[in-house]
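Take a look at this single chain, the form predicted on its own, given in structure tokens.
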Amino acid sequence: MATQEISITVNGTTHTSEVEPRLLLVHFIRENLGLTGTHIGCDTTHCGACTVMLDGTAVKSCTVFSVQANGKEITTIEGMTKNGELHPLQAGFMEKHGLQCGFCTPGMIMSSHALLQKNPHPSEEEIRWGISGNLCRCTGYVNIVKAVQYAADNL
């Protein structure tokens, strides 16, 4: 199959690769770049485990072709930590016990990040709407909402 050269900036580092046009962004991130914090859950956009930021917008990377991200900037969960310090959302999930198995956590954090960029002080209802595209099968959402509120108070 023919390949296409793409150049994508992920977490501040530009990566140029030859990829098949059908390669999904989540596979590019995990397999080509080795950034396994972005999870593959359902492959159908239902669970949100693969959520990343694409030019500042939260997207489910299981339904974006890597060629569609050519020339764009991606932030993954690995890019949230700065200078060895957890982002307030990561700290909030730890402080408020917003995770159990942790499978959904990267996607939850990226969707919450998108929410807080648009609305730095969301209400509980707005937080629930903001993460409504992400599923948690373990904890329920009470502590996840508390984690986002913690982050909003500490940004």
Partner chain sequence: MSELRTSAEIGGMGHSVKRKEDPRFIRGKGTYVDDIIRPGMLYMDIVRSPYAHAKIKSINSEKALAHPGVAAVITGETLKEYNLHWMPTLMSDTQMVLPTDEVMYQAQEVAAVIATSRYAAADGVELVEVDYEPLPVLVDPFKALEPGAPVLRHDKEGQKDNLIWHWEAGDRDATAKAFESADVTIKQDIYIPRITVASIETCGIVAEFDSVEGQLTCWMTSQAPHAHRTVFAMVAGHVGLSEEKIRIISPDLGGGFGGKVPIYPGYVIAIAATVVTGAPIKWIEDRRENMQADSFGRDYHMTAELAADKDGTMKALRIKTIADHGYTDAATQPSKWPAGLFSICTGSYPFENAFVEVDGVYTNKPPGGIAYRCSFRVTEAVHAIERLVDILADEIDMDPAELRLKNFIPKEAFPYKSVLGWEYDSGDYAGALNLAMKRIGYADLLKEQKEKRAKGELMGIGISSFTEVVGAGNSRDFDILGLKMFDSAEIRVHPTGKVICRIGVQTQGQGHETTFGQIVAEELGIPIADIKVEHGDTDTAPYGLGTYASRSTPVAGAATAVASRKIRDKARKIAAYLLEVGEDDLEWEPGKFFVKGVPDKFKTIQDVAFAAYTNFPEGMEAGLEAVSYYDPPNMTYPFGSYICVVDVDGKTGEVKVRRFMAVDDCGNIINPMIVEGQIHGGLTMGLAPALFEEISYDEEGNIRGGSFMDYLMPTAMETPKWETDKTTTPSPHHPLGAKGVGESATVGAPAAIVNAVVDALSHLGVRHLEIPMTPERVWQAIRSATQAGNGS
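Numbering follows the first chain given and starts at 1. The model shown is predicted, which means the values in this text are computed figures rather than measured ones.
What comes next is about the form predicted in complex with its partner chain, which does not appear here.
- In the model of the complex, V67 stays away from its partner chain, with no heavy atom inside 4.5 Å.
- Of the heavy atoms in A49, some are within 4.5 Å of its partner chain in the model of the complex.
- In the model of the complex, its partner chain lies within 4.5 Å of some heavy atom of Q90.
- Put simply, E73 is far from its partner chain in the model of the complex: not one heavy atom of it is within 4.5 Å.
- In sequence order, T36, G37, H39, I40, G41, C42, D43, H46, C47, A49 are the residues of 32-64 having a heavy atom within 4.5 Å of its partner chain in the model of the complex; the partner itself is omitted from this view.
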